[in-house]
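For reference, the chain that follows is the form predicted on its own, supplied as structure tokens.
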Amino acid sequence: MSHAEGGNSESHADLPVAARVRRLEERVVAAGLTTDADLDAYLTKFLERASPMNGARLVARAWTDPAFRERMLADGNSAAAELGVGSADPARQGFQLRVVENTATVHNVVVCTLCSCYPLALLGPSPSWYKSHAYRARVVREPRVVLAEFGLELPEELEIAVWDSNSEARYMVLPRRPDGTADLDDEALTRLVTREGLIGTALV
């Protein structure tokens, strides 16, 4: 069983996004508020900090701190801000971060069906397959088959929930903590978490 949310949001109505962003950049530069060089420098600096390790740190903290886990599930932006990897204000961050938790009965997977919306600061630059038409089109229709192609064979009784990101809401998966990790500290737990686990195409 699967479901998708947000995929037909009106926020995608004016695609292509890249062209809209460039027009905005040109207006800001023309107004003398910045330069292309400054924008490039900011983007380079931002991408240097964007890493799946940021999302992994959130997961490791949630595994070891139940109160933080509850805050993260209730308000992903604020939880990320606690660890210094985002803004608590969705307007300033640019989107609402929603963290969805894998459980004994539900496995979550994230997609953006109409482009490639993605919490880049927490997951790093998106993989090419995430942006591909094949993944975006198929994971909503046949998630179990697609996950199996990633090597993730899930029991038939496990529900698969598909979450469709858009420009207003981005999703990150909170994987289940692996067995046998009770003695590991946050740093060691962080190293267990992969970008694929944060998207949902792997267990962790």
Partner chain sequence: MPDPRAALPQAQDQPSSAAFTLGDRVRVRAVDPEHHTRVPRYVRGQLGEIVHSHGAAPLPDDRARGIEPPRVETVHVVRFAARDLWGVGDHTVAVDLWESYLEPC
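Residue numbers count along the first chain shown, from 1. Keep in mind the model is a prediction, meaning the values are calculated, not measured.
One more form of this protein exists, namely the form predicted in complex with its partner chain; it is left out here, but the text below deals with it.
In the predicted complex, its partner chain lies farther than 4.5 Å from every heavy atom of R176.
E156 belongs to the set of residues with a heavy atom inside 4.5 Å of its partner chain in the predicted complex. Though the partner is left out of this view, R71 does not reach within 4.5 Å of its partner chain in the predicted complex, counting heavy atoms only. A residue is said to contact a partner when one of its heavy atoms sits within 4.5 Å of a partner heavy atom; A79 fails this definition for its partner chain in the predicted complex, lying far away. In the predicted complex, C112, T113, L114, C115, S116, C117, L120 are the residues of 105-135 with at least one heavy atom within 4.5 Å of its partner chain, listed from first to last.
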